[in-house]
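This document opens with one chain alone, in structure tokens, the form predicted alone.
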Amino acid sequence: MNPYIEGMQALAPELVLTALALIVLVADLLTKGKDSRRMGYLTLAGLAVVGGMLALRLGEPSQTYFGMVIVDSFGTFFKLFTVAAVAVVCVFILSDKNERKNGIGEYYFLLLGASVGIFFMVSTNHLLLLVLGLELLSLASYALAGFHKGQRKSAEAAMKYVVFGGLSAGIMVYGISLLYGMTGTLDLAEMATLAGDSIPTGLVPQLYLSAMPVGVAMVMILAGFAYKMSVVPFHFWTPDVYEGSPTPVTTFLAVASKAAGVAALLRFVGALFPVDGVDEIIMWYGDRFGMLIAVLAAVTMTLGNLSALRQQSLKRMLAYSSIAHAGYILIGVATRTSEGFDAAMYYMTAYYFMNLGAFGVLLYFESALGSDRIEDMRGFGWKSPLISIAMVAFLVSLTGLPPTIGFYGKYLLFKVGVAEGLGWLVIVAALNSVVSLFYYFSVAKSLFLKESNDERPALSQPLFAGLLTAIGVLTIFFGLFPDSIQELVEMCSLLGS
């Protein structure tokens, strides 16, 4: 078969997703935005098709096409993650009374465009394609953050997002250019294994010559990943952007966009600093890079949790919570082992359920109360018991308590951290989990243990309430029976068992 045709067939999910985005855009233009709900249903149908195509690829051997795009189970895992997250976000948009008033179908086009960027980000070891995917995701995210351009907070969110995004992207690209100049390649696998006699040719000779320039380039590249994952010190945009963006957009940024950053970082570390099969100096330098990530993990989770303690807005509290969870995920990345990467992937799956659910409940309260202040939710748990009980399940999971999926996710991270000599980091994470208990359960306290002064009845949204309840049930179910997700993660492992 013609290699070009074979490559295009391998990229079928990306092509279908791109075509879907264009169809949604043109259809919305033709209808002049009068029936944006149909665009939502069309998007959900298209995502179902893409998800089915991806599910059929699970377990297939890894193949590289066009010298850049890797089609493997690891990439498929995060593509399915993205499809599932965007589908739920679309349901949130359809259920949001504020968005029903706006009736703007470009929402779905931008979400699909961002998803295309994620698909390429998670499927390459080539730094050029990685940056292109990152920028496609970022540009769509900037527009989404400022979608309510008539609102000051939304405009402010978009501006801050653009400024910090441009700064971190510039730093990252400059670091990549330095690395390319030193190694002569943009392919991470080649960079780690080439060891010629002349310079530039691979990372090994450069490390033997001088590790300092490589260190500068690595720190600059890490800045790009840190920005996308909300890791300290590139976290400043997170609370303001999360607060100013429409809640469905905040959900997308907190779940799908963060997962893309995690997947890209896992590929970067796994390809450039493998634990065996490379020169000793690569392994030595990888250990130092892993320790840098471990320090960032400790600082990130601590700052995120301590900052969340002071928040009166549930949206800002969840923003700082997402920063803290980025720190937990970095425990698995810092180990640079198959078990550590699998633990990080499992925790991202847990994060999918508990964070999507928490933001969904936030959206419900915003619609019912017109506010996201925790104090305004007093006694509302008795008016909407089903959704409020689901919210408690999400909060318990975010804390990392049994019998939820968040508990098992943290257990796997802590277990591999201790096994790989990062016991100090596990202790820091455990103490941070105790701190998080206070602010998570302040929400539960407000819902059930305080009297309400609001006479408004509960909002009637049976389908939306059913979705949130189902996510809450799954949060507990997969905590009690984690084997199915663990088997899926192992099947899609980046470094193999």
Partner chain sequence: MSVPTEHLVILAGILFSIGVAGFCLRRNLIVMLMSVELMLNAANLTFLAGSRAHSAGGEPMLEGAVFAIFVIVVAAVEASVGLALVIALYRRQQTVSVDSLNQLGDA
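Numbering follows the first chain given and starts at 1. Nothing here was measured: the structure is a model prediction, and the numbers come from that model.
Note that the form predicted in complex with its partner chain isn't included here; everything after this is about it.
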task: Using heavy atoms and a 4.5 Å cut-off, decide whether D35, R38 and P61 all contact its partner chain in the model of the complex.
output: no
Fill in: its partner chain contact in the model of the complex: Y320, any heavy atom under 4.5 Å
yes
Taking any heavy atom pair closer than or equal to 4.5 Å as contact, tell me whether A298 reaches its partner chain in the model of the complex. no
Next item on the list: Using the partner position in the model of the complex, report whether R378 sits within 4.5 Å of its partner chain, counting heavy atoms only.
Entry: no
Check whether G290 has any heavy atom within 4.5 Å of a heavy atom of its partner chain in the model of the complex, and answer yes or no. no
Assert contact_stretch over 327 to 335, 363 to 371, 135 to 143, 254 to 262 against its partner chain in the model of the complex, heavy atom within 4.5 Å, equals 135 to 143
Contact with its partner chain in the model of the complex, heavy atom within 4.5 Å, among V88, L80, A158, A271 goes to A158
The listed residue (V214, I176, L222, A192) that reaches within 4.5 Å of its partner chain in the model of the complex by any heavy atom is I176
Checked 118 to 149 against its partner chain in the model of the complex; residues with a heavy atom within 4.5 Å, sequence order, are H126, L127, L128, V131, L132, E135, L139, Y142, K149
